[in-house]
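A single chain comes next, written as structure tokens; it is the form predicted alone.
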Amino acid sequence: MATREEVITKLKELVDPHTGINVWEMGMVKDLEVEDNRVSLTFEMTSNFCPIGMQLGVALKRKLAELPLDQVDIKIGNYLRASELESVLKTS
């Protein structure tokens, strides 16, 4: 079972290559809930047209997959291709 602190630690490992700052400290992760071995969050891009939004979303999912979680639900915010990325994240 993963704790909130373990999830945050894992999120801090994902660094935005344009800024060199991790997604947690950039405030890109909103509404984080960790309960009963499930995580849900909103991943909000810094720009609606973020050129690496798809890659960041997939990298986020992979980071969280390293934890002992039964379910990870990621909603995408402020991104033109949000529905497409959410579909990719549900199947990966």
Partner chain sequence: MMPIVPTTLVRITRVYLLTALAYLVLTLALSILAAASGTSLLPALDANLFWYIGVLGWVSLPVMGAFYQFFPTLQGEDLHAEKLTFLQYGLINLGILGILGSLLIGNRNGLGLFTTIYALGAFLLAFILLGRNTIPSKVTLSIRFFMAAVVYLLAGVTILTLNNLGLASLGRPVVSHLLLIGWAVMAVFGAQYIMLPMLQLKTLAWESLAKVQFFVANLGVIGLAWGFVRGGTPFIAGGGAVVFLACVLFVAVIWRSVTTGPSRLPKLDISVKFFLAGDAHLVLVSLLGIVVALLSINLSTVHMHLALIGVLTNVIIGAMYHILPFLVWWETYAGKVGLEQVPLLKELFNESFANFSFYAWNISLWVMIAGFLFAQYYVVAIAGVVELILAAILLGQMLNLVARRKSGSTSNQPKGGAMNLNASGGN
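Numbering follows the first chain given and starts at 1. Quick caveat: nothing in here was measured; it's all calculated off a predicted structure.
Separately, the form predicted together with the partner chain exists; it is not shown, and the next lines address it.
Among residues of the shown chain, D36 is not one whose heavy atoms approach the partner chain to within 4.5 Å in the model of the complex. For E66, a non-hydrogen atom is located within 4.5 Å of the partner chain in the model of the complex, even though that partner is not displayed. I76 falls outside the set of residues with a heavy atom inside 4.5 Å of the partner chain in the model of the complex. Mapping the unseen interface onto this chain, L32 falls outside it, with no heavy atom inside 4.5 Å of the partner chain in the model of the complex. Annotation for 34 to 61: interface residues with the partner chain in the model of the complex are T46, S47, F49, P51, I52, M54, Q55, L56, V58, A59, K61 [heavy atom within 4.5 Å].
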